[in-house]
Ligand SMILES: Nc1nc2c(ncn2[C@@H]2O[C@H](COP(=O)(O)OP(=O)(O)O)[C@@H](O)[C@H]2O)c(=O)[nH]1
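Shown next as structure tokens: one chain only, the form predicted alone.
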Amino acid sequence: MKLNVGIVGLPNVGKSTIFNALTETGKAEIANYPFCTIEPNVGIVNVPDERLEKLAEMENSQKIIPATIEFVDIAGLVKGASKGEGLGNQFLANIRNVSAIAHVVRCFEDSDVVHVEGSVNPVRDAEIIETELILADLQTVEKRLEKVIKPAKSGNKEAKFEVQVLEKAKKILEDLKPLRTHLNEFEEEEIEYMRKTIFPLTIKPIMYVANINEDDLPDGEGNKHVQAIKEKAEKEGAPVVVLCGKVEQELIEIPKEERKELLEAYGLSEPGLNKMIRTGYSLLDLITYFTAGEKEARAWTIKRGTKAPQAAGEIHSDFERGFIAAEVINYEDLVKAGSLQKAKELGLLRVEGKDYVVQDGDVMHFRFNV
């Protein structure tokens, strides 16, 4: 499965506007009616990282290649999706194929933009989608239980294990709670089983994206809807990104050199989408390491906990196969030294072996032989 983030929400909350701004395209159709997006739109987005720019400057790199993340704009969902209402079956299939969820909720009043529920209430909207995902997971769990309960009674060890995990999951889902908020009740092997066997929707990490009016920028602090969704998210341990889809769209429609002025006019230091991209990267448990030289400065994406040989393999399979060692310095130490050459002179460059776990911000050079 690809590591990507699915943008979900009720119809007309601003998903496609945000997707278009993220990808700087007009790929997703925008209209004031439900189910404007039917087939999911997919976009590859650069991950904003000031560290990469600084490294390129220090090394006089001719080229900069940032890390990327994939976002998927999924059709709006309505009540009854778990029973096939609206585009329910298609929505659930699409969301099953993403690794994390960016749940866009409407936190702005606008009589010209229809709300499918008749009023603005982001917590209610979030719970509508959450309930549909829970009910879909419950159906999946119950179907699987039907298959394994008989062999479990006959003494099959694997089936017994499955029944144990499924019954635990069923109880949580019957209480209308998402699995992700109860993962501490499962052993690691049980979580792994669920992810690889029943692919639950509610086990996926989530962020909430509060779409506000430009009048509520920069942070929506005075917006009661934003405060309400933040309270819900805090109970779940989920991050919240506050942005104005309309302003984000405006930003991509003007020349890059004029964007800073527009951001400052709204009291923003950077586009809200930058925060959304970085939060998505974090939700997927990804980190970045760098390679830098005269030819290029590049950010490489790996899962947190990756060891040096596997990180080298992201560059080329030969690097992993013939891995000898890695020369490593963390970005912060490199900046203090002023250059890679100076860092070497100061003895700040370490040589790490096969068991080294790569850290976010490591600047690396691999030694290999094949």
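From a predicted model like this one, the values you see are computed outputs, not experimental measurements. One-based numbering along the sequence shown.
One more form of this protein, predicted together with the ligand, exists but is not displayed; see below.
Taking non-hydrogen atoms only, G245 approaches the ligand to within 4.5 angstroms in the model of the complex. Mapping the unseen interface onto this chain, V113 counts among the residues with a heavy atom inside 4.5 Å of the ligand in the model of the complex. Contact check for Q139: every heavy atom lies farther than 4.5 Å from the ligand in the model of the complex. With a 4.5 Å cutoff on heavy atoms, F108 counts as touching the ligand in the model of the complex. For the candidate set Q164, T131, N213, T181, a heavy atom within 4.5 Å of the ligand in the model of the complex is found for exactly one residue, namely N213. Heavy atoms within 4.5 Å of the ligand in the model of the complex are found in one stretch of 182 to 190, 91 to 99, 237 to 245, 156 to 164, which is 237 to 245.
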